[in-house]
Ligand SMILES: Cc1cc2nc3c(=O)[nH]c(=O)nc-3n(C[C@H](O)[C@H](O)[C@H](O)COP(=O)(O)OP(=O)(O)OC[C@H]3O[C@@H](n4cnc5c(N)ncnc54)[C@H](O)[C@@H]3O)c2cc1C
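One chain is shown next in structure tokens, namely the form predicted on its own.
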């Protein structure tokens, strides 16, 4: 009998300690407090150490999940984090924001009995344990190849590509348009869900591997892809999806109407949540409506609460069952006091005499037949218009890629949605020596999917560079 296998199957997941709703809605400290060593070891013991682990097939970056779990059971955390980082250079990030419930955990054999292993929580524990150690063990690097690679964008896809390729002996430089690296991890996800010191720590790790990071560098303006190809042997484009969508309804130009990108970037990257301690002035709103039902909508509404809103609400055109946000995020929002107006669609923003938002006109919806997404299509109910008094509205209905790089790169094909055309398995674009991955290819998706695309591209780029004279 395998001594690491439990003699009796334990279906009880260990809860994650977290701040109480009453406390956390008034601060920007991290909500989830993480496992202790004892809880992590108890949770890891629940792993059945399957001979054919389905959880690994559900992981976009192919982490050896039973492998690192077996080390945690023994209390050998150093070996556990080493095994984990063989495939994932951002474990502290993934352990916090990846939707494990629809990926690795969804494939756990215990899922059939409702008792899947809390893989992400143990992953987070290992990453946080490593950060507390005086020294971090660095992985071995191959001999220098003399090949130079430029990575455009320092989000999850770009960091993964850079980390993989630098270990293979290539010289890698990341070019980031903003003044801090991290991409959406830095500008998009709030402090209470992903502390920025953790993002900075993960970026610093990649730099210690030997990756150069250049900030305030806008590829497409500072230098074009064609100009960079004169210096670099290969280029990876991972510029994400930072162009916000709006609803194209009356009143969108009123003061107090924001895109979620603008609102969260001001709060996170520019540290508006610390104002007046920061240099970013923020108008505090009393009644804030967030249009949308994804994680970005939840982040925006929960941020508004912490900024002092007495009324922060989600306006979503479908029912609660169709919310695209992680269940954990919508539950946290409800616990903190966010109000949910379901089956509701804004049709106009109404301003006061000074051009500031004062009301949102909405219409009630009902659900019809399923659409292409598999969710039931929302249908307007005639003569059901009503108004909600609000002094701010945040539009969180999605994003497209910024068109700057495609527009300045002849021969780089895009789809009708503005995403780059790239091979799903290799990341190769329609331009020679140019690869791409992450949201610039898929549209807005998850951190781990972007990392998976980065890993595939890195393999393809290394294969190409190994053959290139």
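Between two forms, the rigid core is defined as the largest C-alpha subset superposing within 1.5 Å. Numbering follows the first chain given and starts at 1. These figures come from a predicted structure and were not determined experimentally.
Omitted from view is the form predicted together with the named molecule, to which the following refers.
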Interface stretch in the predicted complex with the named molecule - options 309 to 317, 172 to 180, 105 to 113, 354 to 362, non-hydrogen atom within 4.5 Å
172 to 180
Residue 164 within 4.5 Å of the named molecule in the predicted complex, heavy atoms
no
Closest heavy atom of residue 457 to the named molecule in the predicted complex, within 4.5 Å or not?
no
Closest heavy atom of residue 91 to the named molecule in the predicted complex, within 4.5 Å or not?
no
Given that the named molecule is not shown alongside this chain, does residue 450 nevertheless sit within 4.5 Å of it in the predicted complex, heavy atom to heavy atom?
yes
Could you tell me if all three of 80, 136 and 208 have a heavy atom no more than 4.5 Å from the named molecule in the predicted complex?
no
In the predicted complex, which of the listed residues (336, 202, 299, 130) lies with a heavy atom within 4.5 Å of the named molecule?
299
Which residue among 234, 219, 257, 267 has a heavy atom within 4.5 angstroms of the named molecule in the predicted complex?
219
Residues within 4.5 Å of the named molecule in the predicted complex, restricted to 231 to 262 and counted by heavy atom:
238, 239, 240, 241
Core-aligned C-alpha movement of residue 60 between this form and the one not shown, 2 Å or more
yes
